[in-house]
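In C-alpha cells, the next block holds one chain alone, the form predicted on its own.
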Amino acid sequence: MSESYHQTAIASLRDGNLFIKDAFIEGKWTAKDATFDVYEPSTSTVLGRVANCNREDIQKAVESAAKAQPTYFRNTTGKSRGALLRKWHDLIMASAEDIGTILSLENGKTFSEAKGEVVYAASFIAWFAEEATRSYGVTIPSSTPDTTLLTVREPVGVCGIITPWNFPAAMITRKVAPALAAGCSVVIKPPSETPYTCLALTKLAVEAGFTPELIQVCPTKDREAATELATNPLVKKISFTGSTGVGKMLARLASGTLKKVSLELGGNAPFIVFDDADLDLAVEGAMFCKFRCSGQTCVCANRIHVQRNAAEEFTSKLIEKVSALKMGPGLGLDDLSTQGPLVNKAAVKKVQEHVDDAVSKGAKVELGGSARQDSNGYFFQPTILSGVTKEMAVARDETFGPLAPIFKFDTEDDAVTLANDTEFGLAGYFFSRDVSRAMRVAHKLQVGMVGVNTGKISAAEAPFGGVKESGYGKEGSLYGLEEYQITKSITLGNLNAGL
C-alpha cells in the first residue's frame, strides 16, 4: 500500500469538508504557514499536514474563549445547552461513517472499532445533554435564626483540554460535553498524532449552533506552546489524559495559578482469573480488554494473573482465540482485519523490548512475539507469553500494545498482592463464580474501576478515573459535570428584619 490508500479513503468521504487541516481560533478556521505531518500508521506515510500553533496562537484562543464564556452562561439555561448538545450528537451520528474513516486513517484502528468509537463518543454528548438540566444546588438548614443558606453550581470558566491519540473522538467528547453543559468554554490541544477527528467534531459543534468562540482548537507539536494552557491565568481548569510523567508536570505548572485539575493517567491493569471462573467468559473478557485497539488503551489488561490450576486451560483457550485475529490496515479492502497497526515506530519498539526482556528472563513465547516484517506499517503480532514473573519489565511498565503476559498465582491473597504491586491504580479485572469473593476482591483492589466477570467497564454513565499515580478526578457519569463547576454558597441573613 502507499499514499493512494488514504487518498482514496479521503476522496470517498460523503462530506469532504470534515477533513480539516486548519486550527480553529477566535471563531474561525485559521491556516498557518507552520505545519506538521500526520502519519497514517498502516503505511507509515504522510496522511496530511496540519496547522502547527505557537504560544501566541494559544494565548489568542484563551482570550477569545474567556470573552465568550460569561455571555454563553448568562444567556443560556441548562435546558437550552442540552438542546445544543443533542443537536451536536445528532450531527455526529449522521456523519459517523465519515468520522470513523478519518479516525481509522489517523489512528490505525479498524474501521469497525473506529465507527464504534464515534458512537461511543456521541453517547457522552447525549448523556451530558441530560445532565445539563440536573445541575442541582441544595438548601442547608442554617444554625443562625432568620437565615437561609443555599448553594448553586456555576461553571469554572475557560477549560484547557489536552487529549491522547488512542481515542481521538471519545476523549474529546468526554471532556468537552460536560464543559459545555456546565456553561464553560474550552481550548483544546488535540494529540499531534490524531488531530483530524477533533477538528471534524468541532466543525459539527459549530453547525449545531454553539457560539464558535466557545470551542477553540490549537493543534501543535510545540510542547512549550502547549504549556500555556497550564500557566495562563485565564484558564481555570485543566483536563488531561495521557502519561503520568506529563500529568505531574502539568499539575506542577497549574499550581502556579491554583487551577482546578483532573488527570487520567497511566495504567497497569491486572486481569485476574481464579480457578472457579468460567474460563470461556474470562477468555472473552481478555480478548476485549487486551486486544481492543491493538492493546492501546489505558484500561487494557497489562498483567494477566491466572490461578495455577486453571493456567494451562486458560492459556490454551486464549491461544486459540488470539490465533484467529487478523492484522491489517484499518480500512482494508476485505474489511476482515481485527488488529490494526500501532500508532508509531516507538510503540512497536516498546512492545518488542518488553517481549525480549521477558524471554531473556525465562518467559516463553506461546504466540507471536515480533513485529510484522512484510509491511511498512507499524504492525506487531498479537502475542502471548507464559511463565512471566514480577521481575520482568512487563510487570511494572504499561506496554500499550498487543502483548498478553500470563503470570501464575496460588492463593487469593497472592493475586491481590500482585495486582496491587504497582504505583498505578486505574482499572482492574477479575473473574470468579464466588459471590463472596467478588465483593471481597473488588474492595481490596487499589484501583478506581473494577470489572467483575467482564472486560467492559467504560460507558457514559460509569465514573471513569483512577487512584494512586493514575490520577484524580472523574469523567462521565453524574460526577463528570461537577469537574467543570464550582459550588457557591449564598447566605441570606436577617430575613425578618423590618417586620
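One rule holds for the numbers: they count along the sequence shown, beginning at 1. What you see is a predicted model, and the numbers here were worked out from it, not measured in a lab.
Below, we refer to the form predicted together with a small molecule, which is not included among the displayed structures.
A.B. asks: Go through 369, 191, 157, 100 and name the one with a heavy atom inside 4.5 Å of the small molecule in the model of the complex.
C.D. replies: Only one option qualifies, and that one is 191.
A.B. asks: 286, 177, 298, 201: which sits within 4.5 Å of the small molecule in the model of the complex by any heavy atom?
C.D. replies: That would be 298.
A.B. asks: To test your reading of this chain, name the stretch in 100-108, 355-363, 219-227, 306-314 whose heavy atoms come within 4.5 Å of the small molecule in the model of the complex.
C.D. replies: Going by heavy atoms within 4.5 Å, the stretch is 219-227.
A.B. asks: Evaluate residue 267 for contact with the small molecule in the model of the complex, applying a 4.5 angstroms cut-off between non-hydrogen atoms, and reply yes or no.
C.D. replies: It does: once the small molecule is placed as it appears in the model of the complex, residue 267 has a heavy atom within 4.5 Å of it.
A.B. asks: So in the model of the complex, does residue 213 come within 4.5 Å of the small molecule, heavy atom to heavy atom?
C.D. replies: No.
A.B. asks: With heavy atoms only and a cut-off of 4.5 Å, decide whether residue 133 touches the small molecule in the model of the complex.
C.D. replies: Heavy-atom contact with the small molecule at 4.5 Å: absent for residue 133.
A.B. asks: Can any non-hydrogen atom of residue 149 be found within 4.5 angstroms of the small molecule in the model of the complex?
C.D. replies: No, no contact at 4.5 Å.
A.B. asks: Would you check whether the small molecule, in the model of the complex, lies within 4.5 angstroms of a non-hydrogen atom from each of 164, 240 and 426?
C.D. replies: Looking in the model of the complex, the three residues 164, 240 and 426 all sit within 4.5 Å of the small molecule (heavy atoms).
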